[in-house]
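Alright, here's a single protein chain in two forms, structure 1 and structure 2, each given by itself as structure tokens.
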Structure 1
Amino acid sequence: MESSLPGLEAILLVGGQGTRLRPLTLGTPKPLLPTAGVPFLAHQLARARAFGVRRIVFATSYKAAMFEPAFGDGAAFGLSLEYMTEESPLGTGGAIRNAAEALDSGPGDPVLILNGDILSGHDIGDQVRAHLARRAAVTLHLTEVDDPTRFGCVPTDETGRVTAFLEKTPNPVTNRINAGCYVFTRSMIDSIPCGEVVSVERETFPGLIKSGELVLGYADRTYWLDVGTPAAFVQGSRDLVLGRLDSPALPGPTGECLALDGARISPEAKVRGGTAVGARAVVEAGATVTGSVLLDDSVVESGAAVTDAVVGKGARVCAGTVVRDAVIGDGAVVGPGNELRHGVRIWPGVELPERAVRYSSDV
């Protein structure tokens, strides 16, 4: 990921509450959730640095005080980090405008905007170069999906100019959707009203299109994932561990399993499918863990089977329990013989007795 864009500044949008990921986000903002062994944002920061970004401003709101202790001044990533907090949520546009107060860039300079819940393998440097070459007001990363009916779509003309932002429809005109990574010319950010709630998707981008400014689409089909749901969060961690998406922040080699310091995995256990095993976590003999995230100090007892799931910090999955496509909250205990499937979420601290739950809803 060699870059010819030294000095590029970025704004990282990390203000969302992550409600779709509860209970994982009750105590931790979504961008700080451990993902393939490190906080999710570590992957974004490392990739941004590899493309020549030198300075990033965090646009924070929900649990804002947790970000600076996690990343400090950014020196560990070869970055300079600043933190700007919204007193009340300002929407995507308002957050960008608020964070821009900490930028050094001039009116004609490009500014990269990253969303704090996206994993992407696209070439950020190429997107910025396209923006500069066309002298665009904004350049949007567009990803191509197999089923665009689940998203709003973004049509472009033959030159790549974005012509509209369309809501979800059963008959989309294109399979290209907004992938959540933008390059703004700094003067366009400064045109966003200061201190007001503004959505770039519903207000800023349509307004620029209507006024005749060049809103450019940068489309590709590289790896892309919105990690806003538990299933997507697990998939993102799994894909990073398996090497389906390269990340300079991965704290170990890619493979079937990534185990952090102090993790204890029995030689008689099967841990595979891109599973991440947190510090001091335990997987006992006879247990099977596939494509899952085991957070620090969690325990999977003998004979338990955990698949496509999250086991929270200090949580325990007892002997003989089956967990598939589920979330076990921090400190929860799932008693022997339970069977949790179909998106079940066990809330922090809950203790389920033996064989208490089968295919249950949230507990």
Structure 2
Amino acid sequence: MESSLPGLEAILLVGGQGTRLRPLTLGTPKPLLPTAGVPFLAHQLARARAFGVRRIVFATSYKAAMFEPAFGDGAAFGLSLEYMTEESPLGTGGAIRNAAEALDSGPGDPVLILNGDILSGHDIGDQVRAHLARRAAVTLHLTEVDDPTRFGCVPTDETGRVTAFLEKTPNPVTNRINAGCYVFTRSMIDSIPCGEVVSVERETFPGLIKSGELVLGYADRTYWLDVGTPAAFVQGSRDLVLGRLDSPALPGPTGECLALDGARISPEAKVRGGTAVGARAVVEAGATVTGSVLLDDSVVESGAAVTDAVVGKGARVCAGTVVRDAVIGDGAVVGPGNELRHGVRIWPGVELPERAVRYSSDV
């Protein structure tokens, strides 16, 4: 990848509950959801590795015990991984402070911090170099979005200095937002109070700016996505399968469809638009699946049309059903002739009878 900084340590924030992704996150934490065929974090780990990161401390809380079985000591990724768990969630700042106990870095060293739900094409090495060159306290990766109200709004002056940090403000002053990847000078992490609930977005960053420390913005316009909502999660998987963001962790060639081992796709089915088909999943003849995520052991029956949707583990979409922009929970059955659209979520194990839901506006 573009440029690397060997030996860099990182903290990965993975303790959030992923509430916006329910029911997918009822049994699996957001960072472990299968995305383009592998747990989401595999893409972030592989990219960090490619930029020279060698040691990553996971800051875990929600479903903390599920991370180590998934990634172990990191050897399979060419990384050394450690797991630091909060007894109760400490917020983003408290989590960083807690995880930092496991770092080897000295007070003046740069430490990379990553939100665990971001796909980003930016050059991490370049961000770290900008941080070092300006001797910043913290350097924030910034990107631009259409709706900044859902993010941390980050205005900067002409030198790149961050002048305010406005988390989820209804009145954003710029479209430039916090992209969830920080370089902290280690001593700045140590100044976060230990064992307390702290938000970096609402407390640490505004506090550093107020006290005159250099908080620097590193802005770019490469690929960027927070996969924290169902629509964004599906988009992330689709973009990885299509190759819109390069990931060393993609378990196959890029293309219209990525099928895992044991998937059975009828030659008379149309599966395209960056769809990921899980292990042993079945797509029957005459079905159309576009830009979607079919998890392991799921079934799409003949004549069904699935678009921009997630079909959970072992779930079944019956014949002639339309599923668009929807989430079907694990093990759910959507009976024949239904139309599910507009962000509908079917809870795990639910069995929807034949023709129970239709959208008259679309008929």
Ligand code: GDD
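One-based numbering along structure 1's sequence throughout. Throughout, rigid core stands for the largest set of C-alpha atoms superposing within 1.5 Å between the two forms. What you see is a predicted model; the values in this text were computed from it and never measured.
Pick one: which structure is the form predicted alone? The chain shown as structure 1 is the form predicted alone.
Quick one: core overlaid, is G125 moving 2 Å or more at the Cα between structure 1 and structure 2? For G125, whose C-alpha is compared between structure 1 and structure 2 after core superposition, the shift is less than 2 Å.
Please say whether, between structure 1 and structure 2, the C-alpha of F77 moves by 2 Å or more once the core is aligned. No.
Once the core is aligned, does P148 move its Cα by at least 2 Å between structure 1 and structure 2? The answer is yes, as the C-alpha of P148 shifts between structure 1 and structure 2 by 2 Å or more after core alignment.
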